[in-house]
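Quick setup: one chain, the form predicted alone, written in structure tokens, and binding and motion questions come after.
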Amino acid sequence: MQDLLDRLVADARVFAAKGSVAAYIPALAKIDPRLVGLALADRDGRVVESGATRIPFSIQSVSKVLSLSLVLESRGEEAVFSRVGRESTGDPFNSIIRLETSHLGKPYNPLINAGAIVVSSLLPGRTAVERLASLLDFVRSAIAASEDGRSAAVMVDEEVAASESATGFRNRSIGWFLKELGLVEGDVDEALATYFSQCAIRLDAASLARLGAVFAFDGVLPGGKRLLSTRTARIVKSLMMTCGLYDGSGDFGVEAGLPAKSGVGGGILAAAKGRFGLASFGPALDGRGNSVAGVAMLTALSRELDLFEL
């Protein structure tokens, strides 16, 4: 397995030159686009990894599957899906036009920005600080068990959060439109503050792979403790399969056949049912906001190990 990951990482380095970092968030423009890493976590919490897997980065939209999982567990399906749909859009992740033109009267799914802002407003807690704390605690619980006893620090990159807040004009527009539709719970600015901070959570690819394993084993942690209900894990994976790579979800589904969620920080979290949690890191992005190297590595890994779920 180690030789396979080493080979895939080496092969993927060429893709780093074919993308660019997410410079529209100034703090992300500083990331080295040449970084590439790939990690795999098994049922026992063991991680096999290669490349830049221990370099923390802001997980950005990967956080959407984590906040969704926590809200589904704490508030239930009705609280979420009465406000957010479950359909793919084919639009960019930060599109606003569907909010006004859709017959749904709500965001199409929880993995685009509009849907994720709604979900952020539903996190446990009365303030942005309390909601973020509940999400951080959830993430810590999900990655605590590792075969080497290593527990990665789970924190918010305050520079990235401030950068997102200062430049997040479109997301603020989306937030206020959602409020007009009656979909955001509580104060809009509190919901947006939570959203900007959750996107700035810093993790590395090794930790993301352990998060992926939670979904791969339907909500069960290494050692057998259940973190999520089977129903929640399967709902989230289904949305990852259909919506997880924005308007590139269909292509990735056809080529890799894995539920996955990407973020413009360069990370991708994926789950191979009953086998592995997977994560890749490569800050150079394609035009859809997905890691060029990450998509290539996960697609190749799926083919090599026959991880297709379809």
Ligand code: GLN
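Because the structure is a prediction, the values reported are computed rather than measured. Sequential numbering from 1, following the sequence displayed.
From this point on, the text means the form predicted in complex with the named molecule, which you will not see here.
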Which of 69 to 77, 195 to 203, 134 to 142, 223 to 231 lies within 4.5 Å of the named molecule in the predicted bound form, heavy atoms considered? The stretch 195 to 203
Assert contact residue (the named molecule, in the predicted bound form, non-hydrogen atom within 4.5 Å, options G37, G263, P259, G277) equals G263
With the partner left out of view, is T89 within 4.5 angstroms of the named molecule in the predicted bound form by any non-hydrogen atom?
no
*Considering only heavy atoms, tell me if Q60 and the named molecule come within 4.5 Å of each other in the predicted bound form.*
yes
D157 within 4.5 Å of the named molecule in the predicted bound form, heavy atoms:
no
Next on the checklist: in the predicted bound form, does I25 come within 4.5 Å of the named molecule, counting heavy atoms only?
Outcome noted: yes
Checked 30 to 44 against the named molecule in the predicted bound form; residues with a heavy atom within 4.5 Å, sequence order, are none
